[in-house]
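Okay, so here's just one chain, in structure tokens, the form predicted alone.
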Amino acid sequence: MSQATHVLAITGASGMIGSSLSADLSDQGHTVIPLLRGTSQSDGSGVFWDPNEQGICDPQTLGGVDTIVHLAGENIAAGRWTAAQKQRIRVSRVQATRNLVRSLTQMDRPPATFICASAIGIYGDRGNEQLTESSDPGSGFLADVCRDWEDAAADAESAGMRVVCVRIGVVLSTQGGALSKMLTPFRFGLGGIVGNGTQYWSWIGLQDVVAVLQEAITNESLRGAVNAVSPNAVNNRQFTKVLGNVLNRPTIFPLPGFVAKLVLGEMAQDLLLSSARVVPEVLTQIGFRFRHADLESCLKHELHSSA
């Protein structure tokens, strides 16, 4: 990062990505202000915001903040996608972002930069098609949510803010997310391909997600969508084989697609069976260097660091 220090406010600062980003930024001498859910103005440990209604409770308490990093949102894998759960997911991303941006535009001096998390779910199910930031959005529930989410973030441009939407892939970390849920069955030799195994899983290590967000914070040439994925996407069959090899466990128990849909409903299609072969074209163009561009090295790093 640049030698200049920054003052940043982060929603979702206690989450898997947010806590790692906050720690790294603080270690580098930057000032990090957590945006806490609630309706008070401030309690000294952070600034409060109300995602469902007013956004920042007192926008002027963020005077002097250079950058907002917006990571908060309902866990999309928390449970079956009932109508109520899908509404919670949409509101936590789209409406909460609208409320946050609206309150920021009310400030006397809004932050210069607004970094908003998004997801590669915006591309939908696209088979083997290589997807860059200029590719059209796909169809489906997640694609629709992501598109509206990014549109809500883009409203910050009206207040002169530089807006970056970081489209995050499958984050590999033992601290949470997909990998942490897969480890137990794989360690017991119960892992296997999902569906026919040909669907692409575009992944990224937690350390690299944090580095991409830091690049978005400091690199003023970045605007709009940025794919936060490794340059080496793999299909589910390849992912399964590599994880099995790293754990030294067999991977002979497949999860048929119809069983996944029976157990998980609509969520299975969007999260497990859909194929998105995403390319980090913008990061490649600026010469971004991934710490772990190779799946095997990433998995070994994650498993070793958690041991």
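Numbers follow the displayed sequence, beginning with 1. Here the structure is a predicted model, which means the values were calculated and not measured.
Here the subject shifts to the form predicted together with a small molecule, a form of this protein not shown in this document.
- Only one of M161, A72, L183, L222 lies close to the small molecule in the predicted complex, with a heavy atom inside 4.5 Å, and it is A72.
- With the partner removed from view, the residue among A119, V194, V226, I115 that has a non-hydrogen atom within 4.5 Å of the small molecule in the predicted complex turns out to be A119.
- Residue contact check for S92: one or more of its heavy atoms lie within 4.5 Å of the small molecule in the predicted complex.
- Taking the partner from the other structure, the small molecule in the predicted complex has no heavy atom within 4.5 Å of any heavy atom of V234.
- Proximity of V170 to the small molecule in the predicted complex: non-hydrogen atoms within 4.5 Å are present.
- When the small molecule is considered in the predicted complex, P51 lines it closely, a heavy atom lying within 4.5 Å.
- Checking 129 to 137, 214 to 222, 106 to 114, 74 to 82 against the small molecule in the predicted complex, the stretch whose residues place heavy atoms within 4.5 Å of it is 74 to 82.
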